[in-house]
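In structure tokens, the next block holds one chain alone, the form predicted alone.
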């Protein structure tokens, strides 16, 4: 189910092999009021339990493809449509321990009709999320 909050209630989990977790993933809705080209997203900053992960190291999975910041900027033909989920991949060796975590996200969007000095505009979200499996 697609929810209004930027950070979706499902999709918060560790990723990578069970004995060697590579990081954490966070499911997001589209950070815009209508569909957008992926090149208008200038990465996603993530903070988990006070630990900051820059948009320069996080990646986005959309439609089964994984994009780092440079690939997002080049993705002028990829469209993130309303109703599609995107997943931010946060590199964190070992992942997170099971339990409740505070998750903050800033999706850095650019709007072609805003002056350059106002960009990127962050779309912020915050919620408590639970890791069930290690």
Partner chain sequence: MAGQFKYGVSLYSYTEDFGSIMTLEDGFDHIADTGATGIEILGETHVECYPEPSAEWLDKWFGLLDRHQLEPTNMCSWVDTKLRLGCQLTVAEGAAELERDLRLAHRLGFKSLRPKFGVIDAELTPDPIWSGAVERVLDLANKFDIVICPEIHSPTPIRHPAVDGYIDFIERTGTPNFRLLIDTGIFQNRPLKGWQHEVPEGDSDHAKLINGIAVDPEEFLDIAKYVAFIQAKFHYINDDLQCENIPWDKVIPVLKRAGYDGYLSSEYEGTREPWVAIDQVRRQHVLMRQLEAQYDAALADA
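On a predicted model such as this, the values are computed, not experimentally measured, just so you know. Numbering follows the first chain given and starts at 1.
What comes next is about the form predicted in complex with its partner chain, which is not displayed.
Check: Is residue 39 close to its partner chain in the predicted bound form, meaning a heavy atom pair under 4.5 Å apart or at it?
Finding: Residue 39: yes, in contact with its partner chain in the predicted bound form.
Notebook entry, point to check: Using heavy atoms and a 4.5 Å limit, would one call residue 52 a contact residue for its partner chain in the predicted bound form?
Noted result: No - in the predicted bound form, heavy atoms of residue 52 and its partner chain never come within 4.5 Å of each other.
Notebook entry, point to check: Would residue 82 show up as a contact with its partner chain in the predicted bound form if we use heavy atoms at 4.5 Å?
Noted result: Judged by the heavy-atom cut-off of 4.5 Å, residue 82 is in contact with its partner chain in the predicted bound form.
Note to self: With the partner left out here, check for me: in the predicted bound form, does some heavy atom of residue 104 sit within 4.5 Å of its partner chain?
What the structure shows: Although its partner chain is absent here, residue 104 would stay clear of it in the predicted bound form, with no heavy atoms inside 4.5 Å.
Notebook entry, point to check: Pick from 98, 35, 91, 94: which residue has any heavy atom within 4.5 angstroms of its partner chain in the predicted bound form?
Noted result: Checked against the cut-off, the match is 35.
Notebook entry, point to check: What residues, if any, in 112 to 134 have a non-hydrogen atom within 4.5 angstroms of its partner chain in the predicted bound form?
Noted result: 112, 113, 114, 115, 116, 117, 118, 121 sit within 4.5 Å of the partner.
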